[in-house]
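Encoded as structure tokens, the following chain is the form predicted alone, with no partner shown.
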Amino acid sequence: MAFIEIAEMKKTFHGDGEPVKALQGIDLEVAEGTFLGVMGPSGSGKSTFLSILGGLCHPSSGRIAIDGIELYSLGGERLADFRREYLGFVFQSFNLVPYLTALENVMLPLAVKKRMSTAHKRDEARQVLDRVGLGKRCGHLPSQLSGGEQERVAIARALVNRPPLILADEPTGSLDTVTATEIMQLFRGLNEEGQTLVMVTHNPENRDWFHRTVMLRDGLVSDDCRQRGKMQEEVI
């Protein structure tokens, strides 16, 4: 059984005008430990795809299962629990709380763990900040960190609950080329340790980092390529 199973995923947005068909039938299976890139032109459905996969936006129809769990058969509270336990989110805008230190930002997902002591939460946050190379910046506010450092804090926050799946939406979009490469190296390192990642990106240079790249166009999969390192092996 695949770690991620998607069948006939469709999403239509209804507004004041004509309905917008963002996704028109996505079928996809992703193995555990994959670093999957999702690419495509603006309006192709990338962000909608990631939102549905992350349990943030219900599909109009279709089936989505992660680790055998049917996402949209879960009730609201159970779905929230699933997101907290199974998923880590990384966004281009970082979404860090400006008045909290790097350590405190990373501790936020642990706030719901009532049986975990504050000291234990601090230790967990420090360990994951060390893992992303920011062990010496724990006490700094986001405004005192570079863009790349803020992104690393956001990645650490996504990792602190040790979720099986990391979802990243344009995480290098606002970074310079050197810093973006450092972030992609970090993601690749996490993947080599067994982390499953799904990343939406518009940057064609990021494609070289993925095991597999799914191209979306007009809400459909237009291409599905498997790669290893810098060499593309096959097109499925």
Partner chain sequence: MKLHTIAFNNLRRRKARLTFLVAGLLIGIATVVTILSLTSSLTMEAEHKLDSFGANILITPRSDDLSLSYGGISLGAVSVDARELRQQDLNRIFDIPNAGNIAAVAPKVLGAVEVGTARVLLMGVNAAHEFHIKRWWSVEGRPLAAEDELVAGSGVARALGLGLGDQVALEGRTFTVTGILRETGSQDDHLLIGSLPAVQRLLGKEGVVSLAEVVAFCGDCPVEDMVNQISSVLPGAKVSAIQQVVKTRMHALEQFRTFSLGVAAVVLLVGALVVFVTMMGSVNERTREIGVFRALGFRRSHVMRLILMEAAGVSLLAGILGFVGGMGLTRLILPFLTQDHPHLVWDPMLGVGSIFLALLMGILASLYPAMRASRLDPSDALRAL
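These numbers come from a predicted model, not from an experiment. Numbering follows the first chain given and starts at 1.
Below: the form predicted together with its partner chain, not depicted.
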### Query
Would S47 count as touching its partner chain in the predicted complex under a 4.5 Å heavy atom rule?
yes
### Message
Please tell me whether any heavy atom belonging to T179 falls inside 4.5 Å of a heavy atom of its partner chain, as the geometry stands in the predicted complex.
### Response
no
### Query
Could you tell me if R157 has a non-hydrogen atom within 4.5 Å of its partner chain in the predicted complex?
yes
### Message
Would you classify R84 as touching its partner chain in the predicted complex, given a 4.5 Å non-hydrogen atom cut-off?
### Response
yes
### Query
If we take heavy atoms and a 4.5 Å cut-off, which stretch out of 53 to 61, 201 to 209, 171 to 179, 28 to 36 is in contact with its partner chain in the predicted complex?
53 to 61
## Note on the structure
Heavy atom within 4.5 Å of its partner chain in the predicted complex, from candidates L165, M107, L145, L71, belongs to M107
### Task
Would you mind checking 130 to 154 for residues with a heavy atom within 4.5 Å of its partner chain in the predicted complex?
L141
